[in-house]
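One chain comes next, on its own, written as C-alpha cells: the form predicted on its own.
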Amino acid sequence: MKVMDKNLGLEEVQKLEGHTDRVWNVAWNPAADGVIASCSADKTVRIWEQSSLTRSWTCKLGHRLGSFDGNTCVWENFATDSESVSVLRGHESEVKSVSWNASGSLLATCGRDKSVWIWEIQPEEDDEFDTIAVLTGHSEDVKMVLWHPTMDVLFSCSYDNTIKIWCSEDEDGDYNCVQTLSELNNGHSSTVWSISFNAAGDKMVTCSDDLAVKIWKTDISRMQSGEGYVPWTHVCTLSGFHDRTIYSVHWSRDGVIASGAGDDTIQLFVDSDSDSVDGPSYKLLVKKEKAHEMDVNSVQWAPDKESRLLASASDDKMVKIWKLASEP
C-alpha cells in the first residue's frame, strides 16, 4: 500500500473509554509496542496496553495527578507499576508541555508563566535534575516544547504567535534563542499550538489558531557536520482545510501529516510530488469527518512505520485508535 493511493481511509480500530473529562494529549511509547499514555482534565494519566492475543487495548495503569501546581513529575516504570521519582519545581503556574531530548539526558518544560526551562539529569546523583537554563523569550504563555529528533536543539511555540528555536553555540553550553519564526517571515498570525518533525528531521510542521498548517525546512546535514546553526525557512502553507483552530499535528515515519482540530475532524496530508515554481506542495489525502464528537486535541502516529496506527484524543473524553488502510 502506498500513501499516495487514492482509496485510503482512516478506519476506527477501537475507542478507549475511561477518562471522565476532556482528554488533552496522547502519546505512544517508542520503546514498547502498543503502549499509549493519555492525560486528561480529570487529573489522571492512563496507560493503555494492547493485548498480544486479542489485539485490543485496555487500561493497565492510572495515576491521579494535580495539574495546575507548577510542578513537573518524573515517573519511572517498574515491573508492574510506575513511581514518581522526581518533582521539578520552578514554574510559577501550570506546566503545559514536557519533552525529552533524543538521549534522555535533557528535559524541557514550558508553562503559562511564559518561560521554558531545561533540566539535566545527574546520573551520579541518583538521577536528580539540575536546572541548566530558564529561557524567557516568549511574551505570552508557551503551549509546547519539542526537542529536535537528532540534535540538542529545542523548539517552543506560544500564544504570542511565534515559534522560537533555542540552541547552545558556545563552550559554556548556554542556550539562546537563535531564530524566531513569526508572521514577519511567513509564520503564523495567531497562537501556535503544535510542532512535529519528519523522520529525517529536515522538515517541520506547525499548526495554529489561524487555521493554517505550515511546512518548514532546513539543511540538516550542514548542522550535523558542525557548520553551526542553519536557519529554518518556510516551504508552504496549507489553509482552507480546517474551519476551526488546529490544535495538533504529527508527522508519521512514512511521510503522512495528521492534523486534529476544533472542527472535530482529523485530516491527513502528503507531499504531492509535484513541485511547482513556488516550491514543494502538499495535498489532502484523507478527511475524517466527525472523528470525535467534540474538539480533537491531539493526534499521534505510532512510532513504527508498518502499523500505520494513529491515536487521537478529544474533548469528548475519548481516546481513539485509527488505522490508515485501503478502502474497498
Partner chain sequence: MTLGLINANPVVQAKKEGLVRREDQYRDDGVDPLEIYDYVRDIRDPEHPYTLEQLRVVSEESVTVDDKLDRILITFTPTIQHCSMANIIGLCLRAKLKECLQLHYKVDIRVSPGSHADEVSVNKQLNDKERVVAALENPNLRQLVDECIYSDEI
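The shown structure was predicted, so the numbers you read here are calculated from the model rather than taken from an experiment. Numbering follows the first chain given and starts at 1.
Another form, the form predicted in complex with its partner chain, is not on view; read the next lines as being about it.
- For its partner chain in the predicted bound form, the listed stretch (189 to 197, 170 to 178, 226 to 234, 98 to 106) containing residues with heavy atoms inside 4.5 Å is 189 to 197.
- In the predicted bound form, no residue of the candidate spot (D152, D254 and P303) has a heavy atom lying within 4.5 Å of its partner chain.
- Contact annotation: K43 falls within 4.5 Å of its partner chain in the predicted bound form, judged by heavy atom distances.
- Its partner chain in the predicted bound form is approached by Y159, whose closest heavy atom lies within 4.5 angstroms of it.
- Although the partner is absent here, S259 is not a contact residue: none of its heavy atoms lies within 4.5 angstroms of its partner chain in the predicted bound form.
- In the predicted bound form, its partner chain lies within 4.5 Å of some heavy atom of R112.
- Although its partner chain is not shown here, in the predicted bound form the stretch 200 to 231 places no heavy atom of any residue within 4.5 Å of it.
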